[in-house]
Structures are given as C-alpha cells and as structure tokens.
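A lone chain, given as structure tokens: the form predicted on its own.
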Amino acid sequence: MGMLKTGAYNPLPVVPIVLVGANVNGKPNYAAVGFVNGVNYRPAVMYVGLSKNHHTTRGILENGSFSINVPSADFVVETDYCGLVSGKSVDKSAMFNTFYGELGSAPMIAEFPITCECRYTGQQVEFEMDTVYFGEVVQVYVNEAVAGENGRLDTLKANPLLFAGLENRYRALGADMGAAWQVGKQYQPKASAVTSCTLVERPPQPALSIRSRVEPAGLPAAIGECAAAIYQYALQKGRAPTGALFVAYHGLDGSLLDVEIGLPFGDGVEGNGRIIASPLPGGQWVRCLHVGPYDHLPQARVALEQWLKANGRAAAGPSYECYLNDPRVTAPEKLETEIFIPLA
C-alpha cells in the first residue's frame, strides 16, 4: 500500500486544547489554544502559540505571566466558546471560578483538572500569523477530584479534551495502551545481530572508574574524556588495563544519565581524586553479545529484559556495556559490545 501526498499542514492527529489565561485591564481573559507543549524539562518551560490579534497576548506582555488551563471533556462547550469570541468584545472573566497562585497575576480556572502558572521568559518567536511565547512553569495545580494516590494527576479521571485538527473535531481519551518507556521492551526485531543471552559466572575484578552525570547526547564525549583520564593516570602509575572499556548504567538523575566509566586492572590498583578504585562484582551474570552499530544496542537491552522475565531472575545492580573493539578503526557493522547484568 502506497503513501499519498496530501499537502503541507500540521499533520498531528490530536493535540491538547487548553485555555491560556492572562489578566487584561485587571480582568481574567481566556483564549482557546491548540499550539501548546513543553520545550524543556528542567527548568520546566512551556510554549503557547497565539495569533497576533489575540486579546490575551496583551495581558502576557503587560503582566509578564500567563496560565495554561487543561479542560476536561465536560467543558467542551465552554472551551470552544472561548475560541469563538474575543475578550476585546466579550467579558469572559465570569465564566469560571478564577484563582491566583504564587505569581499573583496569572488567572487560573479552579474547575479544570490541571492548570499551571507560568512566568513569561521574555522569549518569543514571530511567524507570519502567530507568535510563540515561552513561559517557565512556576507551579502546577491538580484538582483534588482527579488526583491519584501520589497526589499527581490521574489522566483517566481528568479526561482531558483533545483537538483533532485533521477532522476539526474534539475528542476524548481512549484505551490505555501501556506504560511509557516500558511497553517497547516487548518489541521483537525482525533482524538482529544480538546473540542469545547466556548465564555466566564472573570473578570479581579490580577496576578504575569515574562516576559522572551526563546528558544522553553527551555520553560519547564523556566516555572518551573519562577513558583518556584513566589511561593517563594508569600510565603514570606504570599500570596497564587488563580488559575492555566499560560503562555501568546506574539510572537517571532527572534528565541526566548516571554512569560509571572505567577499565579493569590487576590487583593492587589504587584511585586518586575523581578516579576511584571500584571493583567489578563477581557472581552470576546474564550476558548478551551485540554485533553492530552502537545505536542498535537497545535491541540487546530488550533481549536481556526478556531473558530476566522468562527466567524469573532480577538484576542485582546496574547493567554494564563492554566495548570489545575501537570504533575509531572498526566499521559500525562490526562493532562488538558485551552487555552484562549481575543477578540477584
């Protein structure tokens, strides 16, 4: 079945529809907006795209703040009405129960399941029709009626209103399709260079390593810098590595990877400063060999997760990647990487 060319437009099937709030002439005003999303994790930064004729834009610039109010599907009529009429001619301040938060200048809607107040960053991007405004989230408020056990939003209870622009219809949430960053582990590659996972016994091994927190995109550079620092230190001490460079993945620290980059050595090796003596633990491990580019390594990680589940085993520590050849002189399709997970 082929693909049809249908022209240039925003092809997203559904987007959140929100009411952007701002005080104009001392009164709350709300505009229905479909161009809204987050652009940064920490600090949390949101953007809204507003027509240059929107009454709300005046309030954003006057007060240096705005709110983003997420309606439930129960408020489809009110939300659409706010998009049909302008605050220049219609007073929308009495439509909702308005409250203010820490900024004291961004009006928010108490009836909606989730709302947040944003401090305008002063950054904006001009397009022919719309202007994109950026705001740092100061505080988020979740209606008690839709809060889950942890106090955060229960999305199904909130039943957020969605805009299907391709159909020019409003929609609501459908079925739960699975946990994010988890369901993909069920994927079975059509063709994979991953060999079968095997159970192995490994003795403890002395090693020197550097623990670091890096952005995912900066990991290759961090590996190179840490490896070079360890090599240089070992050379000064008259020591030589006894095995391949490894990276241990301890998890995420916010948006940063918590990794340990190191090399194995013989007995008696000592660290200094940020280079620490951190032995590789001994015991039972599950091992998987991957042959191919590093960006295909998620296939091997999925295979290991499936092995753990199928064999009723649990990880006892971080996973380790050992790079068996040098990417500077090895073709990507021939790169060999061992992945090990210690078992409880």
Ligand SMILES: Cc1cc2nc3c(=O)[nH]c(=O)nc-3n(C[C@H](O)[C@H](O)[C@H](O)COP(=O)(O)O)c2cc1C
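None of the values given here were measured: they were computed from a predicted structure. Numbering starts at 1 and runs along the sequence shown.
Just so you know, the form predicted in complex with the named molecule exists too; it's not on screen, but the next bit is about it.
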message = Each of Thr115, Asn143 and Ala147 within 4.5 Å of the named molecule in the predicted bound form, by any heavy atom, yes or no?
response = no
Options 66 to 74, 288 to 296, 308 to 316, 53 to 61; stretch whose heavy atom lies within 4.5 Å of the named molecule in the predicted bound form = 53 to 61
inquiry  = Using a 4.5 Å heavy atom cut-off, which residue among Ala300, Ile275, Val33, Met46 comes into contact with the named molecule in the predicted bound form?
reply    = Val33
task = Consider the chain as shown here, without its partner, and state which of Ser93, Ser86, Gln139, Thr242 has a heavy atom within 4.5 Å of the named molecule in the predicted bound form.
result = Ser86
Contact test in the predicted bound form: Ile17 vs the named molecule, heavy atoms, 4.5 Å = yes
ask   = Would Asp130 count as a contact of the named molecule in the predicted bound form, using a 4.5 angstroms cut-off between non-hydrogen atoms?
value = yes
ask   = Looking at the partner-bound form in the predicted bound form, is Glu78 within 4.5 Å of the named molecule by any heavy atom?
value = no
message = Although the partner isn't part of this model, could you tell me whether Cys82 comes within 4.5 Å of the named molecule in the predicted bound form, counting any heavy atom of the residue?
response = yes
query = Going by the named molecule in the predicted bound form, which residues of 140 to 179 come within 4.5 Å of it through any heavy atom?
reply = Phe163, Tyr170
